[in-house]
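Just the one chain here, the form predicted on its own, laid out as structure tokens.
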Amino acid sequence: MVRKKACIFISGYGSNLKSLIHRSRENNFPINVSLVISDKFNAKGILHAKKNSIPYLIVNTKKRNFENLILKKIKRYKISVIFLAGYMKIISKNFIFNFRNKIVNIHPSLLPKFKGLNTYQRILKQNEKQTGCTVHYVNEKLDSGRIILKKSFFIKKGDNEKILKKKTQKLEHKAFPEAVIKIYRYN
């Protein structure tokens, strides 16, 4: 099997990055994490890249041409798929056009519910009985691309934002690798 070269975009701790790196060490996993991009200089996830000798790029998103820098790096490393793993920046339509159906995101809710930010807070405010995560393709509309898979759990009485985040992230670490396998099962 020819494994696809993947780039993981992060903004924070990088727990999903760590999960994907771990799984990509398996011979039968369809991707190889070949590049990490972060929009935060202090993102702890960069340590996962360093520890695993994976090249990385930290971009200053306040600079106008930052996406061009990312595109150059992605082309240089011959990246064929991008995974957004807690990347907290909106990607431009032009960037999405360059990678149509090759950008995958994980979102901490059961889409189409609770798109965007402050997800856990909104879930609790709406007294939802169930939540989870969704892996989906990225398109021009926020958290609206074609869904690859969802995983869910029931919310218990007394669950707060911190508990929901912890439970959701645990589920994400299973969902993202499963979605990768599902994407490439027939390729």
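Source: prediction; values computed, not measured. From 1 onward, residues are counted along the sequence shown.
This next part talks about the form predicted in complex with a small molecule, which is not shown.
Asker: In the model of the complex, does residue 177 come within 4.5 Å of the small molecule, counting heavy atoms only?
Answerer: No, residue 177 stays farther than 4.5 Å from the small molecule in the model of the complex.
Asker: Using 4.5 Å between non-hydrogen atoms, is residue 90 touching the small molecule in the model of the complex?
Answerer: No - in the model of the complex, heavy atoms of residue 90 and the small molecule never come within 4.5 Å of each other.
Asker: With a 4.5 Å heavy atom cut-off, would you call residue 82 a contact of the small molecule in the model of the complex?
Answerer: Looking in the model of the complex, residue contacts with the small molecule do not include residue 82, since no heavy atom lies within 4.5 Å.
Asker: May I ask you to check whether residue 106 falls inside a 4.5 Å heavy atom distance of the small molecule in the model of the complex?
Answerer: Because a heavy atom of residue 106 falls inside 4.5 Å of the small molecule in the model of the complex, the answer is yes.
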